[in-house]
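The chain below stands alone and is given in structure tokens; this is the form predicted on its own.
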Amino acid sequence: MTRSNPGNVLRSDYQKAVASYWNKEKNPVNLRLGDVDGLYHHHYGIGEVDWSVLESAEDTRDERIIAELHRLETVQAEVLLDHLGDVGPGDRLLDAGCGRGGSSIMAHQRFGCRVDGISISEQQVEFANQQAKLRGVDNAVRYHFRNMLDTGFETGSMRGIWNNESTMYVDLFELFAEHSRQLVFGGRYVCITGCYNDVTGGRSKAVSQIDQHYTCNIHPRSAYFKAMMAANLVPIAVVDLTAQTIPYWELRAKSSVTTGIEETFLTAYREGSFHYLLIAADRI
């Protein structure tokens, strides 16, 4: 793990507030799901739900719902990794905004390459490095306390970079400029993100409530493409995952790990003011 001075990593009061939030966060929706198989995610799920879990016997119902939610979140991570393109064991990947590190470990398992994860939460970084050590992959999967807008990694050192639901905490033009710097020519960038729908105008009430809940700043859909093109990142795939994530939220709303934001997400998705997108782009 790379040790950095917090004063050098956290550049603003807002970043300090976000880091403080995640340093203190011990939400069961993240921890209990990760306990299923040791892959700790900090994103949402997609795919067909096995609704039979709701009909389970009382003594197994909660356990089965938790396992199903975790499966859907792992499917989401697999879909993201599917879009990273041709990655080999000799390549290097960057998980920008890595959370507790589950996707980085999955990437190493799939591609056999080196993976670096970064977060502005020192607690997340410490936790993720412990998980990599427990799995015996800490020689190839390493997590660092760094700022995704200024990582310190070498120019052209990454074959692929991804953000999984972490772009709403930063300025997109700054972020994509830094990603573009780090990617090799022809390298691939992938993000999965929630974004508000420009067609319906500004942020809806539901989107504003999501912002407030997570201390984030959800961007309009158009901002992603403007910022990518400015950074020589040319989209090659855009996938609307909105319909695929709604069942996850419907199941989560009936689980023991609800956080109170589930109905707000469902409202935003159903009214069309909020989209859940995957965008893959090549560095030219």
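As the structure is a prediction and not an experimental result, all values here were calculated from the model. Numbering starts at 1 and follows the sequence shown.
One more form of this protein exists, namely the form predicted together with a small molecule; it is left out here, but the text below deals with it.
Engineer: Want to guess which of 46-54, 23-31, 231-239, 59-67 is within 4.5 Å of the small molecule in the predicted bound form, heavy atoms only?
Structural biologist: Stretch with heavy atoms near the partner: 23-31.
Engineer: Can you work out which of 148, 87, 168, 106 has a heavy atom no more than 4.5 Å from the small molecule in the predicted bound form?
Structural biologist: Going through each option in turn, the one that passes is 168.
Engineer: Looking at 102, 117, 187, 194 here, can you tell me which has any non-hydrogen atom within 4.5 angstroms of the small molecule in the predicted bound form?
Structural biologist: Flagged contact: 194.
Engineer: Whether residue 227 contacts the small molecule in the predicted bound form should be assessed with a 4.5 Å heavy atom distance threshold; does it?
Structural biologist: Judged by the heavy-atom cut-off of 4.5 Å, residue 227 is well away from the small molecule in the predicted bound form.
Engineer: Wondering, does residue 210 line up within 4.5 Å of the small molecule in the predicted bound form on heavy atoms?
Structural biologist: Judged by the heavy-atom cut-off of 4.5 Å, residue 210 is in contact with the small molecule in the predicted bound form.
Engineer: With heavy atoms only and a cut-off of 4.5 Å, decide whether residue 256 touches the small molecule in the predicted bound form.
Structural biologist: Flag for residue 256 set to no.
Engineer: Give a yes or no for residue 218: in the predicted bound form, does one of its heavy atoms lie within 4.5 Å of a heavy atom belonging to the small molecule?
Structural biologist: Close contact exists here: in the predicted bound form, residue 218 approaches the small molecule to within 4.5 Å, heavy atoms only.
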